[in-house]
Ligand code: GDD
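Quick heads-up: it's one chain on its own, the form predicted alone, in structure tokens.
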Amino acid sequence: MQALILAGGQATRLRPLTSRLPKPVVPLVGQPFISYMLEWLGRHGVDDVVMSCGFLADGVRAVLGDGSQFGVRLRYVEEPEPLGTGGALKFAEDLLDERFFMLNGDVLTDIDLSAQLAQHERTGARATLALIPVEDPSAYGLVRTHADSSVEEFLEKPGPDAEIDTNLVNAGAYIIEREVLAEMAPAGSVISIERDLFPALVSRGLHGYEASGYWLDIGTPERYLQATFDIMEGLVHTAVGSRLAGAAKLLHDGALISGRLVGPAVLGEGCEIARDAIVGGSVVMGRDVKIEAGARIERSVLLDGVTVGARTRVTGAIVGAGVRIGANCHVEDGTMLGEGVRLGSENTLSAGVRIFPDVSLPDGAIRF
């Protein structure tokens, strides 16, 4: 079975984490984000993946290669300019089989694609959308279906006074018969699959599959951290979550720990935690991260090569590769530090402040 993954966005909401790093290969609990999607696809028999790339495409190819490390054949198509979700589909047409999955590359999920495929075959659908129930349907466009699973209509985000009779939203996982591409505008056109293709297929072979399981769009810093914590707690089915569960919620091979480590935590090779420092719970550290004496790290992600100074507290933050944080700092409450930032001592950063790559701040420069 084949899959097309849409991974061409610029991920502006995740900057500065994605200022230099394409979103598909942003580290998530120690591995490229898109590898979770490849792992999930593999569990459902997908062995041929086409990656539709745009922004920083060379960086994606450099990390993922030909896919052999993930057990799939991986090929790339590179849009010359953003063409929308449908435009990306049409641009990849020459590489696609007669039937394929199409997936939004921003989603972490473990929904049952095999059951979706079984329903698709049973109904003779031309396209089947995975639909997921959400607690607050007013924040999404909704999908109404008939009793036979065929799609009745799409609803824009309902207003506060609207009568809402469904909580099913598009989960960004589709099964498509290649024949429907013939009805689309030519390759190179800007097309939205959600606004152009799917509405045109209503009453013409478009079905919805009501899925269950974990589903999260990780397009914001808050959801990136939520995805991190959910993987560590085993709320979504992943291999790393299974390894954590079997290791008392602690993975730290190759780390030197003189302080205290509290699970769940994942530490890369070469990490060092000094005496009187406390790391955890819910902390991920990349390779060669150094935590100095008396520091406290909790509910945060620190990428490769970060140094945290003595008595500094990092809570609820995302810290990019190569960042150096001085002594007696507070970095908390959704703060994001881009690659190579230098933060002097006695600084306090909070309230979701973002510092972009290679910025240097002297001692005591910011006290939010």
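In case it trips you up, residue 1 is the first one in the sequence shown, and so on. Since the model is a prediction, treat every value here as computed from it, not as a measurement.
This next part talks about the form predicted together with the ligand, which is not shown.
- Contact with the ligand in the predicted complex, defined as a heavy atom within 4.5 Å, holds for exactly one of Y76, Y140, Y214, F229, namely Y140.
- For the options E292, E194, E177, D110, the one in contact with the ligand in the predicted complex, meaning a heavy atom within 4.5 Å, is E194.
- The candidate site formed by Y224, H252 and N328 is entirely out of contact with the ligand in the predicted complex, as no residue has a non-hydrogen atom within 4.5 angstroms of it.
- Proximity of A88 to the ligand in the predicted complex: non-hydrogen atoms within 4.5 Å are present.
- Proximity of P82 to the ligand in the predicted complex falls within the 4.5 Å heavy atom cutoff.
- For D148, no non-hydrogen atom is located within 4.5 Å of the ligand in the predicted complex, even though that partner is not displayed.
- In the predicted complex, at least one heavy atom of L6 sits within 4.5 Å of a heavy atom of the ligand.
- Just one listed stretch, out of 232 to 240, 98 to 106, 253 to 261, 67 to 75, contacts the ligand in the predicted complex at the 4.5 Å heavy atom level, and that stretch is 98 to 106.
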